[in-house]
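Single chain ahead, by itself, as structure tokens, in the form predicted alone.
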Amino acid sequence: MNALPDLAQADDETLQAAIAEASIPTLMNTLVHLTGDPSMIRSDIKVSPNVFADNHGGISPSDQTRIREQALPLIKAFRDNGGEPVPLDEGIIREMIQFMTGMEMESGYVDFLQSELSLDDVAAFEQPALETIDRDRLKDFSVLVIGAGMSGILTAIKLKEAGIAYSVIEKNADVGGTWFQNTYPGCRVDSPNHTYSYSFAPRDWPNYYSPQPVLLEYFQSVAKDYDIRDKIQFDTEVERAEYDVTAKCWRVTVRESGGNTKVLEANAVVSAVGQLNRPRYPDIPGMGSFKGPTFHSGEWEHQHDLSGKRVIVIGTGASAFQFTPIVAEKADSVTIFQRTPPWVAPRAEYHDEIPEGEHWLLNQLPFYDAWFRFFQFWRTSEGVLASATRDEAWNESGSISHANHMLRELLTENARRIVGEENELFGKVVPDYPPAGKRMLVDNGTWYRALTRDNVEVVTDPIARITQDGVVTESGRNVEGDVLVYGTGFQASNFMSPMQIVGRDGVEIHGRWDGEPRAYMGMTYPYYPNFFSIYGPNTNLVVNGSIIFFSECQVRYILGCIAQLLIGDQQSIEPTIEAFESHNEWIDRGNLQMAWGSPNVRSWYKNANGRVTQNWPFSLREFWEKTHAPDLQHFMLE
């Protein structure tokens, strides 16, 4: 993108060209800021509450034209008068928030959204308790962070800002986590990038949903800009962390790239290893017998040219969903073995670059960037949560409530429009489980169109075994291939594996769990003092929000726990058994009320016993409120 002139130097043609590519709800709220006049958002033009509407919030083309025509003279006047936004009172800000969401909401919810909006430049995720601690006391406390992916980078930055000594252990050769490991064709984020980025490190993103190389570069540049790389030990894997009851510290055994092991000490440990970094392979007879190239999407082998090859794909999860359309463009054939199809949420802009005019507005027009980010945040956050919630009185097959049924109709119509109801494929791509029962995938129709290609086939006949030449199904069909790709996801339920985490009573955490991983608030654990996790049990999101938002909440909370140690000159903190058990009972009840908790739905959200171990079943607002600071009634400090 070329360098853009600032607002004061912009000519009328530049303004007009930028306005032509503006998101209309974003532009309308921005104009209220620039003029102080809220009449525009009090007109007959309304934003649709349908979160799958386009970037114009379902506003009609004629109304879009009306707004653009009104915007040009207003922005010109703002430019010519020196460009000073008009201060707005809180009532108008709240009105603007409700206008953009397209619905009325309770005041507490507006408070949460207003904090996320951060119009006053107050950081939304700071931990004020740290400001009361003597800086020398902070330096005497050390934290070891495991992992330098998204949440590990975040943790390191916030520890550094707080003045707390820290070090980071990373098994890979660079930062980035999942965006370093996953390099398969088509890999990209499925949250809008203006929300899938740190609140303190915005970026002028090239795409609405950026591909893997752009995301990796972002995390690399943030680590460099915040000067934390010298604290990261790369190509090093944590094997064991054991709490020393006498010394009140953690002893962490790491294995370096050359095979040498050493033991590090820290007052606290933060596991930031994530859930989706260890490939999961299905249990199919004959695995290992296929004579051609065989690999998992999470460990893509780029040395193989797939041009003209017969490619067999096992799985239709998020990775296969992204790489299959690209592979199909050059392969002779692609045969996809599907157990259950995904629900697909339509996003027309999913593969689009952000147009030049939108870039100009994001960079030059005051408040446009804040409202644009907020609009993306809302469309992918709480807007769908109600549709994923069970109504006990509802008994219609394939859905769990009227709202869920309506969502099903909308998503089914999207598939019908692209695939065609008369096509045999249509019956294969429409799931029989409720929407949001499994991870909903985001697309602009690319997946469905790829499946309709002449060289692509979706097979729902279960696999009986893998042979040296291909796959044999239970009906006896033999599908031959040249390359076999597993798109079968990751070992999500094996939290923190293969590390061994040994608590104050000598019990390793996986043995204590016995297949039932649990935590208090997803971050702390009885018997494991001063041990914290990010993206731990029951902190995953299904339909509401960016995981970076959740991670920022969690780091704020963890810093609050550390602050309590340092304020009272304590040595350890851990949740009480009562708080731990009560929290998990609450979580389990909540998940049973959600689409993904339905007993007839199989997914990686559940463990072998059918319990949802991954997901947070409540609103973002509730998590945001509960993670402002730890409730000391629920902790033991020693």
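Every value quoted in this text rests on a predicted model; they were computed, and no experiment measured them. Residue indices: 1-based, along the sequence shown.
The next section is about a form of this same protein that is not shown, the form predicted together with a small molecule.
Asker: Can any non-hydrogen atom of Arg379 be found within 4.5 angstroms of the small molecule in the model of the complex?
Answerer: Heavy-atom contact with the small molecule at 4.5 Å: absent for Arg379.
Asker: With the partner left out here, check for me: in the model of the complex, does some heavy atom of Pro325 sit within 4.5 Å of the small molecule?
Answerer: No, Pro325 sits far enough from the small molecule in the model of the complex that none of its heavy atoms falls within 4.5 Å.
Asker: Does the small molecule come within 4.5 Å of any heavy atom of Trp604 in the model of the complex?
Answerer: Trp604 belongs to the contact set for the small molecule.
Asker: Flag Gly489 as yes or no: does it have a non-hydrogen atom within 4.5 angstroms of any non-hydrogen atom of the small molecule in the model of the complex?
Answerer: The answer is yes: Gly489 has a heavy atom within 4.5 Å of the small molecule.
Asker: Taking the partner as it appears in the model of the complex, which of 562-570, 144-152, 313-321, 251-259 has residues with heavy atoms within 4.5 Å of the small molecule?
Answerer: Careful reading of the contacts points to 313-321.
Asker: Between the options Met523, Val189, Ile509, Val238, which residue brings a heavy atom to within 4.5 Å of the small molecule in the model of the complex?
Answerer: Exactly one residue meets the criterion: Val189.
Asker: Have a look at Arg347, Lys438, Arg408, Lys158 for me and say which one sits with a heavy atom within 4.5 Å of the small molecule in the model of the complex.
Answerer: Among Arg347, Lys438, Arg408, Lys158, a heavy atom within 4.5 Å of the small molecule in the model of the complex occurs only for Lys438.
Asker: In the model of the complex, do Arg135, Ile164 and Ala201 all reach within 4.5 Å of the small molecule through at least one heavy atom apiece?
Answerer: No, none of Arg135, Ile164 and Ala201 comes within 4.5 Å of the small molecule in the model of the complex.
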